[in-house]
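Take a look at this one chain, the form predicted alone, written out in structure tokens.
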């Protein structure tokens, strides 16, 4: 069980440094995060972008000893960064100042991208002060309105990643508005099917409960008040969101109102991929870098998720 990002960073620093290739790295906050990760022994940065600007910015933040791959346009930066990872010249791909559409287009290129043969999904990890361990959540950034088949893919992607981080059998809350199965509410039907599949061993190992509302998932008193016997209440590891709006709003509410920390990666690719936002702080970026490097370390014998 990972309780905090401090613990996650310590775990990442205890292993070998990984080569993280940053597409369009011309940003002081990104380079500051790379410097922090480099100083901790987590990464060896590979920077893609305008060589002159990168050297000036690196000097400004004190980042030294980086390989620079010169590029000009956003599309070129994405393609060169993906190619470096695909050819084994880097271990992890990270988004810099490039637009998400250009970044994903290069990743999804059928001939020269990083497709892993499975559904791509976003995995977010949150450290909320009011909770006793890190909370994993998927999918809040890639699949907008997943059906049952997609939810199985999202779930297995997340479980595979968590297994690499040491979770043998994560406790999963398949969120809905309440615990009643209602054909008029497709999410409740999907989660009932997912719970049956998990119990039958048709997914990667986990303890999955659903339909389940947020209060029951995170407050054992609420479960007891509703007379719900739950194995996961108050001790959830992974939230399976019914749609992108739920996952996105839930995460942003923690970040805004609880001042939570977070990290994010894309799963289903051949190598770990950091997506994130250009507005993320240096601390959020290093959290994501450390998470991706841990997935690279534990996934060296196979695809990232």
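What you see is a predicted model; the values in this text were computed from it and never measured. Positions refer to the first chain, counted from 1.
As for the form predicted in complex with ligand COD, it is not shown, yet the points below apply to it.
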Segment assignment from 199-207, 213-221, 99-107, 176-184: heavy atom within 4.5 Å of ligand COD in the predicted complex: 99-107
4.5 Å heavy atom contact, residue 248 to ligand COD in the predicted complex: yes
Contact test in the predicted complex: residue 162 vs ligand COD, heavy atoms, 4.5 Å: no
Non-hydrogen atom contact residue 125 with ligand COD in the predicted complex at 4.5 angstroms: no
4.5 Å heavy atom contact, residue 144 to ligand COD in the predicted complex: yes
The single option of 135, 120, 114, 79 touching ligand COD in the predicted complex, heavy atom within 4.5 Å: 120
Sole residue of 68, 244, 260, 61 within 4.5 Å of ligand COD in the predicted complex, by heavy atom: 244
